[in-house]
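Here you get one chain, nothing else, as structure tokens; it is the form predicted alone.
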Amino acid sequence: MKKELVCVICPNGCFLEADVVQGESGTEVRQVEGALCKKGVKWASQELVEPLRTIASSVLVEGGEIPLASVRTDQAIPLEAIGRVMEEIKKITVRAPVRIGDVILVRPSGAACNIIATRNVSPKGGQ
């Protein structure tokens, strides 16, 4: 079967057409056409076989100058894991100070990633 995608790897936004076969061992991408670079072919194959995403969110901060710190996954995770990971993130409260790069949560829901801070939050009153 033919699948059409628009590549999101670079600003070119190539219109891709992939020849996909569903077999006993899963999805197989036989050919990708329309990519201006090899990255597009690799991305399309990954997207059709096992789509991955990074996610960004925020966590509550106790004793901070602001109430929330932004966080993200430190690497892409399977699409089907996003809901479980987000549920764990929603349960988290951290104590100020928070520094960019701090590991907030290790391997949420067994996903092969960590949740890291992407914003500094100082303690209330600069303590």
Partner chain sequence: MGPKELKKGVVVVGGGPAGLAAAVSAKASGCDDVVIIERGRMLGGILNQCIHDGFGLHRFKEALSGPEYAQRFIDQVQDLGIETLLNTMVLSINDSREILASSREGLFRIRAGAVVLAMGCRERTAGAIFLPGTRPAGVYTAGVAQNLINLQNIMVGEEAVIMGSGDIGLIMARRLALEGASVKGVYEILPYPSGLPRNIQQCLKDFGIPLHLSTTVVELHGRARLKGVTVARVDEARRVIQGTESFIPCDTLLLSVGLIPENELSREAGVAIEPLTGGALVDDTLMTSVEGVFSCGNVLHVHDLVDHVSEEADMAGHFAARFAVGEMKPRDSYIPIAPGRGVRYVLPQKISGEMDVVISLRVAEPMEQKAIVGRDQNGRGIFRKKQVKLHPAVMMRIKVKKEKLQGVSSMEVGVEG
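In this text, the rigid core denotes the largest set of C-alpha atoms whose superposition between the two forms falls within 1.5 Å. Remember, predicted model here, so these are calculated numbers, not experimental data. Positions refer to the first chain, counted from 1.
There is also a form predicted together with its partner chain; it is not shown, and the following applies to it.
Its partner chain is not drawn, but in the predicted complex it has a heavy atom within 4.5 Å of Val8. Mapping the unseen interface onto this chain, Asn114 falls outside it, with no heavy atom inside 4.5 Å of its partner chain in the predicted complex. Contact check for Asn120: a non-hydrogen atom falls within 4.5 Å of its partner chain in the predicted complex.
Put simply, Pro67 is close to its partner chain in the predicted complex: some heavy atom of it is within 4.5 Å. Put simply, of Arg53, Lys38, Arg95, Arg30 only one has a heavy atom within 4.5 Å of its partner chain in the predicted complex, and it is Arg53. Taken together, the three residues Ala18, Ser45 and Val49 lack any non-hydrogen atom within 4.5 angstroms of its partner chain in the predicted complex. Along 76-93, these residues reach a heavy atom to within 4.5 Å of its partner chain in the predicted complex: Leu79, Ile82, Met86, Lys90. When the rigid core is held fixed, the Cα atom of Gly13 travels 2 angstroms or more between the shown form and the other one.
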